[in-house]
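Two versions of one and the same chain are coming, encoded as structure tokens; call them structure 1 and structure 2.
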Structure 1
Amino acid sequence: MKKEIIVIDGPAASGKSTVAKLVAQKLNYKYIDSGAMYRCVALYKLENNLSIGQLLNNIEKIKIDFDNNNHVFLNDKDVSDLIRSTEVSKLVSEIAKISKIRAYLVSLQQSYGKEKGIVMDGRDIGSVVFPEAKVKIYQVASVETRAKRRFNELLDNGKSADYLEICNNIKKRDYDDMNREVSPLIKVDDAYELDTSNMSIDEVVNKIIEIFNEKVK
């Protein structure tokens, strides 16, 4: 299988990571969740009780790794669950506005992509991290669909969930992500827009593989 870079960008909880994992599995590619990296930085700030200034001074102490089962490690500790907490979700878009933090994470993301054979999802992957990628998807869904998906995901994982709080967090993050100065969430011209509101996971995955096959010959 030819090694390429597949980019899936889009707003909060649009199902990017579920789909990206499955696409990576089918192609035998590596999956990198760039949002998890921003979440790790937010968690590091909370756990160490740092001001933004202290966080910036210590940014290079933050080591982020992914294993083959899509677990995320922050300085060698598995934080896959901790980074999904409401506290982290509330802080993360604030963290993602800061250009020094973005520059640090973008350079890590580009280093993961050196070998290609990678699926990466996020907000600025097609516009900033891998503008040269051949396959770019911009995945969207209605706010209600996204809030319902996130609500069910938390319940399925045995967590408590408040639908209204989730809905408000998604709307706020959409606004913050689309309106920030540095690398805002945008659909780049060469991205294929996929509205998944009325699509099953399998349908979305198959559509992306179809686009991949068309673009990469």
Structure 2
Amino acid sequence: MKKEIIVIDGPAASGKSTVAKLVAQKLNYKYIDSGAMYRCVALYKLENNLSIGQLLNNIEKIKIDFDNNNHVFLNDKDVSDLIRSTEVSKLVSEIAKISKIRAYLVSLQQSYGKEKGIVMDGRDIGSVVFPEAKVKIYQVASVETRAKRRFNELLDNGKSADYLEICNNIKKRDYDDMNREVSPLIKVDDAYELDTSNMSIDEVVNKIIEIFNEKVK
């Protein structure tokens, strides 16, 4: 079967990454985590103690790669765990708003798709990065569902969590993502909207595979 590009866009904590990894695994595609790329830029800034201006001047020195085991490499160093630090998490939203950084990362993302056979999730993949993709999913879930998932995830990892605080953070993130000037989160006309509020992970994955099989014949 001909290789294609599958894009999964949607708001924060809607389970895109988990689902995208499993879809890629089932189809023997490569998974590209676009959010991890912004985290890599944030980590590069922190590790090199750069101002935003210095970061922009050095942006093309940043090389990001992914392997088939979902590891993330920044200039050939495995940073899969480092990019999930609290310091990076606090900085990444600021990084993602900068148009020059977004433009550079979009060019990298498009280079990954030249051979197709990838699954990529994010906010602007179907609208900006791969508007020509045949399979576009807009994955959503209610704020309450997403907050509950994030709350349980934190507890399962032995961390403290405040449900109401998580709810408020998700609402703010949604507003910021949908109202930013550069590449706001939108549902493109040819995307299939998939509300996962009452679906298991397996059900979501199977539905996306079903959509893929219908679109790619």
Ligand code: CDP
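Given the structure is predicted, the values throughout are model-derived calculations rather than measurements. Rigid core (definition): largest C-alpha set, two forms, superposition within 1.5 Å. Start at 1 and count along the sequence of structure 1; that gives the residue numbers used here.
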Output row: form predicted together with ligand CDP located in structure 1
Indicate whether Phe66 shows a C-alpha shift of 2 Å or more between structures 1 and 2, with the rigid core used for the fit. no
With both forms fit on the core, is the shift of the CA atom of Thr145 between structures 1 and 2 2 Å or larger? yes
Large Cα shift (2 Å or above) at Gln54 between structures 1 and 2, core-fitted: no
